[in-house]
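To begin, one chain is listed below as structure tokens, in the form predicted alone.
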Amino acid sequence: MTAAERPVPYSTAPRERRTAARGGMLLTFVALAALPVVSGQNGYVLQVYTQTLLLASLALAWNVLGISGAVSLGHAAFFGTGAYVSALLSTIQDLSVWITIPLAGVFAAALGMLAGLICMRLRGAYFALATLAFVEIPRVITTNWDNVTQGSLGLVGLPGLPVLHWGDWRLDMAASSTAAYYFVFAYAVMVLCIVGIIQRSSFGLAFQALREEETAALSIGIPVSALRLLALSASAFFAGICGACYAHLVRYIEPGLVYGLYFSAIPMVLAICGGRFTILGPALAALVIYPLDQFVFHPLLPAGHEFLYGLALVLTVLFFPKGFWGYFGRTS
């Protein structure tokens, strides 16, 4: 038997790698669930990881659009809209935060649909630049609508996260950093599950077909334009809820903060580093990069600690083009 005819031995490396990845996922989930207990309810640690989970949710929201092949540089428009809608409805209309947070997602989704209709014919870099320019529309409106939004001064003293009631039991999440952490943790898990369902459904297959070859997808009857609108609107919905949660966590917002480049760039960076076409990648990238930034690089370089995000992006592009999680074969 020649060398060419010899059967290739079966390799268990991919299976072992997947098993190790699943074990790592389970350990990560348990560690996050037990974090308040392990940290002794340390306020700073819980604050950092609450923000981490919020950014993980935002990166997952961004990736709902990313799995269709599109790149958005303007998710701050949806994040900021969600933040302002929930803040204004809870202060001016005195609505419960339980109501204003979902409504913030609806308003952000409507803005996403509007952006999708305007940018319908754009693809690639042109679409990305158009979304970046689109951020200016809600930012300018918010800045100049002084009698409602207080303009560039921002809104101060916003209501905190909602209060849970069950009979005589009462939990004020605005007064408890542990409760706020679990609230954002529950939202991140929910978004992760929804993204997983989407990616493994027929919609996920259609998004992949759209990403790989739009013309071929159109020829087999996939409604390309409707899918693009759906992806952008769904992504904007979850980003808007992230913005609303952020507003009630920090209890202060202003246009330069919530419409800033940070909230447009950070979900894209996390999704690319973790793996754009994966389910868990963006969330895991957030769990690694943001705490590393806050606990290590920020104390060492207070003025330039955010270079870590650029460094992580460059290393990913050079050595892990499918992202860290994509390297482990967990692509959708």
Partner chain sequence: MLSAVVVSALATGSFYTLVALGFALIYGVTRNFNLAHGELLVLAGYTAYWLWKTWALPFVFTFPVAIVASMAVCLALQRLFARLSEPLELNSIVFSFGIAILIQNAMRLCFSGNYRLIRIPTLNHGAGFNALPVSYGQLTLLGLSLGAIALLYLFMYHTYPGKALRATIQNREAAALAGINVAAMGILAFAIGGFFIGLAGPLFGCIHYLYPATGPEATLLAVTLTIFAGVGRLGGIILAGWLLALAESITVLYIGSSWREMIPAALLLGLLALKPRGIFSDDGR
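Residue numbers count along the first chain shown, from 1. Predicted, not measured: the structure shown is a model, and the values here were computed from it.
Only in words, not in the display: the form predicted in complex with the partner chain, which the text now covers.
Comment: 136-144 is the region of 150-158, 187-195, 82-90, 136-144 lying near the partner chain in the model of the complex, near meaning a non-hydrogen atom within 4.5 Å.
In the model of the complex, the partner chain stays beyond 4.5 Å of every heavy atom belonging to V296.
Shown alone here, L301 lies within 4.5 Å of the partner chain in the model of the complex, counting heavy atoms only. With a 4.5 Å cutoff on heavy atoms, F307 counts as touching the partner chain in the model of the complex. Within this chain, Y126 lines the site of the partner chain in the model of the complex, having a heavy atom no more than 4.5 Å away. Here the marked residues L26, A33 and K322 all miss the partner chain in the model of the complex; none has a heavy atom within 4.5 angstroms.
Listed residues I99, V250, A130, A110 were compared with the partner chain in the model of the complex; A130 is the one with a heavy atom within 4.5 Å. Checked against the partner chain in the model of the complex, the residues V269, I279, V64, L55 give one hit for a heavy atom within 4.5 Å, which is V269.
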